[in-house]
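One chain follows as C-alpha cells, the form predicted alone.
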C-alpha cells in the first residue's frame, strides 16, 4: 500500500478547501483530495453570489438581523457576528486571488450589489449569474500555480486514521485511507492536520440542485471517527429549480426574485401574498418553499412559474446570461415567458459540529464549508451566506493551524496498526446498489421532505435502517467503485437526517413537522448525534 506524507490534507476542492489550501501554501506541503474533477463541486454551481456588508448604508447590524431572522432563532449570535464582521477582509482575499466581481456600470469604483430573499438591503456581490464558477476558476488557477499545493483528482477518502494522543481518551487525526479511482488501488495519506471540506448531502434526495458529488462523504467520515454531528434535520430546499424533463439540477437563482421576479401558480396568478404579505417573493427560502409546496398540493399541478418578463429584455440577458442561455436551450425564453420551477433539496444547514476556528471534536481535524455546523445558519440559511461562511471559516482554520504550527512540526506520527483493507469486486451485484440508491432518495423525498410528520419519519427510519443493515451484511468491505462507496456514505447520512428530525419535536425554519406546527422556544439550539464505540 502506497504511503504519501504531507503537512496538510484537505478533502474537497470547493471554495472552503481551495481557499484554505491557498492560505496554508506558505506553511508547508498541502495535499487536496477530490473524488472527481477539481471543479465538480457545489461552489461551481453557485449562481447568486456572496453576501457581505460593503456599503455605508448597509450596516453590520442589518446583515446580522437578517441572518438571525432567517435562522428562526437558532443562530449562534457570536458566530453570526464573527462571520459578518470578518466578511469584508475575506472579500479582499477573493479579489487578490483574481475574482472579478461585477462593478456598478454607473460607478465602476463600486461593486454592483443585488438583493435576494431575506435580505433587507442590497449586499450580494456577484459575477453575472455564475459567481461560483468564477470563484472556483480563479482559485483553481492560483492553486495550480503553487508549487506546494498538490491537487489530486479521482481520489476518494473513505476512512480517517486516528492516532492515540496524550491521554487514553484523546485521539488525534493522523491521516486518511483513500481510493485512487483511476489506478484502482488503496493509498494511505498521512499528515498532522486534516480538513474536511466535502460539501453537503443533497443527493440524499430525489430532486436536488446539488452536484452528483454531494453524497455527505465528509460527514460520514467524521461521524464514524467519533465527531458530533448536529442539526441534520435542517435541509434547505431551494424554491426554484428549473422544471424540465431534460434539465438536471439546474438552479434558477434567487437573484431573479431580487430583481423583481414574481411567482405564479398554474393559473398564472401571484400567490406569495397569501403566505407572506410583506416580503412576498423575498421572504426567506423556507417560507417560499412551503408556499410553493402548498400551491402544488392544492392544485395538483407539477410546477409553478417564475415570471421576470416585466424587466427589459436586454437587461435580463446581460444580468442573467447563464440562466437565459440554459433556459433557451430547453425552449424557454425567460424574457418573454415565465419559467417553470419546483423546489429541490439545496443546502444542509447542519453537519459536523465545530467551534469558531473550524475545529471538530477530534484534535487536528477541521471541518469547513457546508459539511460543517458552525452555528451561523441556525434553522435556515440566509441566501448567499454560504460562500461567506466558507471563506471566513477557512481563514479561521488557517489562523488556528498557523498558531499551532510549531506543535505540528515537532509531532512525530505514532500510527496505530495499519490494516490492509479487504478489497472486493461488485460488478455482478451493481443492480442491487443502484436499486438501494434509488429507494433511499425516493424515501427521503417522499417522507423527509418539505413538510413532515412523525409517522412519516418513523417509517423512513425503519426503511433506511433496513437498507443500512443490508449494506453492512453484504457490502462491508472496501470497493474500488465510486457508486458503492457513495451509497455507504449516503445511507448513513440519510439515517442521520431522519434521526435528527425525530429528535426535534417542533417546527422551525426548514424543519416543518405537522404534529408540532409551533416553535418551542425552550428547545435546544442543536440536535446532536454521535457514534457509540
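Positions refer to the first chain, counted from 1. Since this is a predicted model, take the numbers as computed values, not measurements.
The same protein has a further form, the form predicted in complex with ligand SIN, not shown here; the description that follows concerns it.
For the marked spot (204, 463 and 497), a heavy atom within 4.5 Å of ligand SIN in the predicted complex is absent from each of the three residues.
When ligand SIN is considered in the predicted complex, only one residue from 47, 491, 67, 34 comes within 4.5 Å through any heavy atom, namely 47.
Taking 253, 364, 210, 380 one by one, only a single residue has any non-hydrogen atom within 4.5 Å of ligand SIN in the predicted complex, and it is 253. Proximity of residue 394 to ligand SIN in the predicted complex: non-hydrogen atoms within 4.5 Å are absent; the residue sits far from the partner. Heavy atoms of residue 116 reach within 4.5 Å of ligand SIN in the predicted complex, making it an interface residue. Of the heavy atoms in residue 126, none are within 4.5 Å of ligand SIN in the predicted complex. Using a 4.5 Å cutoff between non-hydrogen atoms, residue 319 does not count as a contact of ligand SIN in the predicted complex.
Residues placing heavy atoms within 4.5 Å of ligand SIN in the predicted complex fall in a single listed stretch, namely 382 to 390, out of 74 to 82, 382 to 390, 437 to 445, 310 to 318. In this stretch, 232 to 250, the one residue having a heavy atom within 4.5 Å of ligand SIN in the predicted complex is 238; the partner itself is omitted from this view.
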